[in-house]
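A single chain, nothing else alongside it, follows as structure tokens in the form predicted on its own.
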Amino acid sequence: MKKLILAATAIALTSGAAMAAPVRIATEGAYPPYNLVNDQTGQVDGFEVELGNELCKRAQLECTWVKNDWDSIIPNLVSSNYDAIMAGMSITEERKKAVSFTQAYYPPNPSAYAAPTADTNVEAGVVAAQTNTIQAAHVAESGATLLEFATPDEAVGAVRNGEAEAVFADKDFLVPIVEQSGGAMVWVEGKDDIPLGDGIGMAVRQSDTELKDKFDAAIKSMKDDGTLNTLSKKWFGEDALQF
């Protein structure tokens, strides 16, 4: 009888492990190079997707990706529609009131203003930014008129169509836009290196301490062996910020 009970227990444990639900990671798919949708596969891709897959491997977790619009990405995490967020999300004290963050997997990255002319007055004009971002909050406090958009591409588009005088966003996002604009978009003088936030991290529910600990350990292991810096250079170039 004892052997039967032990065997049954072993089967139950094995079955439970096999049926464990995968960890669902949400990303926006609209903030390259952090995250994007691959034109060829139609799947999410980018720095955070490649990084997230490696973190899940090191943490021995089965993970799947969920695409979610930015403006509802934290509420849907809190509502348990997925288990984590990797979406170029800066670690801030305000967001910590709703979610927990892992240690940063990308260092604090400067934000920047881009506009048609370098002498644009971004403190007295109309500035576009993506809604619910640290950049939007910064503009709102600067004295400028803030125009918020659901995606960063829409914020850039507002400058191109004359609806806004400048756009304020993560500099890594704006670099290729400025470089490929043929001079139509330039850095606003003295406003192209503004530090905000405490780096980019993964957000989880405040109750998911075990999951946070697993991802923290995986991030640390990638910092320790240098693979996180290597991956950053792959997606952000040789001038990528390093740990």
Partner chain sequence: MFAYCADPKSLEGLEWLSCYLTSGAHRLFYLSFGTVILLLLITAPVALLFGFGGAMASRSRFAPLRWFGRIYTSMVRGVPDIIFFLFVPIALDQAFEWLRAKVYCDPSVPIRQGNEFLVCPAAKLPLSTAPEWIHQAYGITLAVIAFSVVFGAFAANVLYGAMNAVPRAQLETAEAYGMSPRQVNRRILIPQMWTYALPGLSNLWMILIKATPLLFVLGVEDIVYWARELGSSKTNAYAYPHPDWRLYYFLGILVFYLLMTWGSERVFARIRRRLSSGQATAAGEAMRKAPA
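Small disclaimer: the values here were computed from a predicted structure and weren't measured. Numbering follows the first chain given and starts at 1.
What comes next is about the form predicted together with its partner chain, which does not appear here.
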Check: Only one of 196, 217, 37, 61 has a non-hydrogen atom within 4.5 angstroms of its partner chain in the predicted bound form; which is it?
Finding: 37
Check: Heavy atoms within 4.5 Å of its partner chain in the predicted bound form: which of the stretches 73-81, 132-140, 86-94, 109-117 has them?
Finding: 73-81
Next item on the list: Give a yes or no for residue 151: in the predicted bound form, does one of its heavy atoms lie within 4.5 Å of a heavy atom belonging to its partner chain?
Entry: yes
Check: Would residue 52 show up as a contact with its partner chain in the predicted bound form if we use heavy atoms at 4.5 Å?
Finding: no
Margin query: Even though the partner isn't displayed, in the predicted bound form is residue 47 close enough to its partner chain, meaning a heavy atom within 4.5 Å?
Written below: no
Check: With a 4.5 Å heavy atom cut-off, would you call residue 42 a contact of its partner chain in the predicted bound form?
Finding: yes
Note to self: Within 4.5 Å of its partner chain in the predicted bound form, counting any non-hydrogen atom, which residues from 228-243 show up?
What the structure shows: none
